[in-house]
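Only one chain is given next, in structure tokens, and it is the form predicted alone.
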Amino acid sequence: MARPRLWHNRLAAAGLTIVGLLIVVAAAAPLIARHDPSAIDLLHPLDPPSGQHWLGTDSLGRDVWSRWIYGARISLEVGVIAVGIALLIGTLIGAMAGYYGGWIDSVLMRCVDVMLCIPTFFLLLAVIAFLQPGIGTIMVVIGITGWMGIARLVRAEVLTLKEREFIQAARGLGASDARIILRHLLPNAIAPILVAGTLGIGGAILTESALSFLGLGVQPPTPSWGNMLIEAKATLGVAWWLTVYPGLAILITVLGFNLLGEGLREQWGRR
């Protein structure tokens, strides 16, 4: 079975543990957070970690632990939804290109090539410049600029699968193109799609953090690890905890999703 073998892979097990803990923390944020993440306390600015404030406070006296916890929820939400949008677009385009071939394949793949020629981060900045920064905007923009690799992956899988006997049998029985793609091709290509999605979540979280750090992502007072870092920049020399904890959160989260994705890739590749 996949589960025992996945747990035997130490790196994959570590990634699964990190992701699982992150999900639990994000889901239980209202219970775990000790204070309102947006509550300002000007009497206790830049307090170091203590029993009252486990990770200290920021320049406005807000509890860093509570903001750190709610930032996990924001990062997971952005990562999952953004990658979901990318998977939807990439899977649709890749499946159509691989199944129909011919001029449809040529046109769709040239569109992919054009998108890949544009530096993704600069494309993100250009799109966001014309839109209102916010959580919804970030999720959509990351999704619509991150589907190209998935489209190529799905196309390659469909090109391999569509010549198999069970697809020929489905055609012989009169199944429609939509039924063949949705009921036969995509379910058999789901493993590499899930691997790409898992790896993509880490990348989406990192992108969101970078955009928030530049002031183009999640806007204050909503806590996110990226805007926590930019707020900490002004007090870097006197309040080390404001940069260390959000930075570690980003590092560990992205590492966890990457380890899990690599473990799934190794597991399904072996199978």
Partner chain sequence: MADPRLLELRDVTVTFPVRAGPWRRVAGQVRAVDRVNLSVASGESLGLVGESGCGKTTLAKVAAALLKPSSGEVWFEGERLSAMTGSRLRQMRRRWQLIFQDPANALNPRFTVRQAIEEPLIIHRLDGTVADRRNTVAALLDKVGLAETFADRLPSELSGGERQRVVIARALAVQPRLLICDEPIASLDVSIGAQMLELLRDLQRREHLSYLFISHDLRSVASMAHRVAVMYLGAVVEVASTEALFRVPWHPYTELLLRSAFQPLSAQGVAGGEAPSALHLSSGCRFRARCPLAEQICVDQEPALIPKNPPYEPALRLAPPSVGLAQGSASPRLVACHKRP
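Quick caveat: nothing in here was measured; it's all calculated off a predicted structure. Residue numbers count along the first chain shown, from 1.
We do not show the form predicted together with the partner chain, though everything after this point is about it.
- Partner contacts here mean any heavy atom within 4.5 Å of the partner chain in the model of the complex, and among 112-120, 81-89, 126-134, 188-196 they occur only in 188-196.
- The partner chain is not drawn, but in the model of the complex it has no heavy atom within 4.5 Å of Ile104.
- When contacts are judged by a 4.5 Å heavy atom cut-off, Tyr100 does not count as touching the partner chain in the model of the complex.
- None of the heavy atoms of Val140 is located within 4.5 Å of the partner chain in the model of the complex.
- Mapping the unseen interface onto this chain, Ala156 falls outside it, with no heavy atom inside 4.5 Å of the partner chain in the model of the complex.
- Using a 4.5 Å cut-off on any heavy atom, the residues of 173-195 that reach the partner chain in the model of the complex are, in sequence order, Leu173, Gly174, Ala175, Ser176, Arg179, Arg183, His184, Pro187, Asn188, Ile190.
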